[in-house]
Structures are given as C-alpha cells and as structure tokens.
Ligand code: MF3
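Next comes just one chain, in structure tokens: the form predicted on its own.
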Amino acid sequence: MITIKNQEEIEKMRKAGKLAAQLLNYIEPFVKEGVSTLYLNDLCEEFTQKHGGISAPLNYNGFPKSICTSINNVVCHGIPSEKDILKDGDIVNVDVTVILDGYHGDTSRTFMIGNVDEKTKNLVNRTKNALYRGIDAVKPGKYLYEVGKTIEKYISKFGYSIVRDYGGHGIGKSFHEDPHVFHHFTKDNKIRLREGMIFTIEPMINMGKSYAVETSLTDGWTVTTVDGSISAQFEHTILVTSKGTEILTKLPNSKL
C-alpha cells in the first residue's frame, strides 16, 4: 500500500524535511569530545519544540528519547544517556525525525569526533557516498531495487557489509510506511517508482564482513554489530519527481 503524495502533502513534507535538516545542522557544533548524548538529545528536543515541531522518536513504540545516538559499533536506535560521553576517535550517528503539521521529516548523519583513524574515516566517507549513489539511482519508471543494487556494487569493493535487518522506509503522516527500502539487491524491491513517492534511503554499513546485528536484551532498542565492528550510517528523505529526485532533508547550498 504505497501512497502517492499529492501537492499539498508534498509541500508539508518539504517543510518537515527542512526542519529536520535545520535540526541536524544546529546540533553539529555540539557533537564533540566530552559531551553526553543526553545533552545532545535535550538540545534537539528544545530546538524542535521552539520551531513548532514534535520529536517523532519520543514514546514511539516506547522509545524513551527524542533522537537516536549510535556510537561506534552501535548500528542504530542508540538511546541517549548521560553515561555515554563522546570520546576522541569516536564516531556517532545522530538520527533525528520531526513531526511538523502532522508530517514527518527523517534524516541522520555520522559525525567524527576528534582524531578518528584513517580506516574509520574511510568507512564514514564511503557510507555517505553510498547514500548519494543510492539517491542517484532513483528515477521514475525504474525499480526500487536499483537503490540497493547500486549501493551494494559500490560498497562491496571495500570489503564492508551492508546491514540487512534494517532499511529505509516510506514516510509521510506515519513515521514508517511502505515500501521497505533494502540497501542490498533483492527482488523484494521490484517496485516501480512513481512520481510522488516519498521514502528514506539510509544505508548502515559495517566495517567487517559480517552484516549480522543484534538487539540489546537490556533496553530492547540498541542494535549493535555481532562481531563488534564499527558501523556508519547516513540518511535522507527523498521525493520521486518527474525527472529523478528531490532531497527533502537537504538545505540549499548544503554539501550534506
């Protein structure tokens, strides 16, 4: 049941996407050594409220915080905590989703803290490249599986692995809608792309060869790599247009 958004809905999604992008840009200078992820969470909540939005993750299926902060081998859904202090050499994915006028904007970015080693820097930069290659593969009339096919072709040459248990998703009035977006090639994504579709692309790339992940039995949310390898992620919300795509969570003149 993939919904095609009308012009009114698309305009609302543009506004929600813009707020999400502004939120990530706002928090960037605070993502540094010595800062707790709870502090980042509280700043994001304050910013979102100040701009008339709602933090979508807060209380979503019981999630306890306003953003997700995933450090090093945490793949996704990391819960902000006063005990998680960012250290020199860490990487952290900050995943934000806002609700504005009933519609969602969803985006994430992996930040590098201080002196990050070369192997990890490469992982982060290549994960960002993979996101944009996936976005470039979206064309009306093409199949959705071109996204995963393109990302897999690019990532495989580095000896990394693509997380398969989690992926992108349709988005609109609901946080998660159809379709599920795989970041590797599968005929399960043999879905014809049509103008007006809106979904996220958010590849999670592990440094190791294993794509296996596990969810914390303690909190029921935090997803980590089984082998302890470092994982990076970038995400945008995109609109399928008559010519290709519009990135709804990217501000004008932004490089990210």
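Counting begins at 1, following the sequence as shown. Since the structure is predicted, the reported quantities are computational estimates derived from the model, not experimental observations.
What comes next is about the form predicted in complex with the ligand, which does not appear here.
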item: Among 183-191, 32-40, 206-214, 55-63, the region lying within 4.5 Å of the ligand in the predicted complex by heavy atom distance; value: 55-63
item: Heavy atom of each of Cys68, His169 and Glu202 within 4.5 Å of the ligand in the predicted complex; value: yes
item: 4.5 Å heavy atom contact, His77 to the ligand in the predicted complex; value: yes
item: Close approach of Phe175 to the ligand in the predicted complex, 4.5 Å, heavy atom; value: yes
item: 4.5 Å heavy atom contact, Glu152 and the ligand in the predicted complex; value: no
item: Touches the ligand in the predicted complex: Asp95 (any heavy atom, 4.5 Å); value: yes
item: Heavy atom within 4.5 Å of the ligand in the predicted complex - qualifying residues of 103-126; value: Asp106
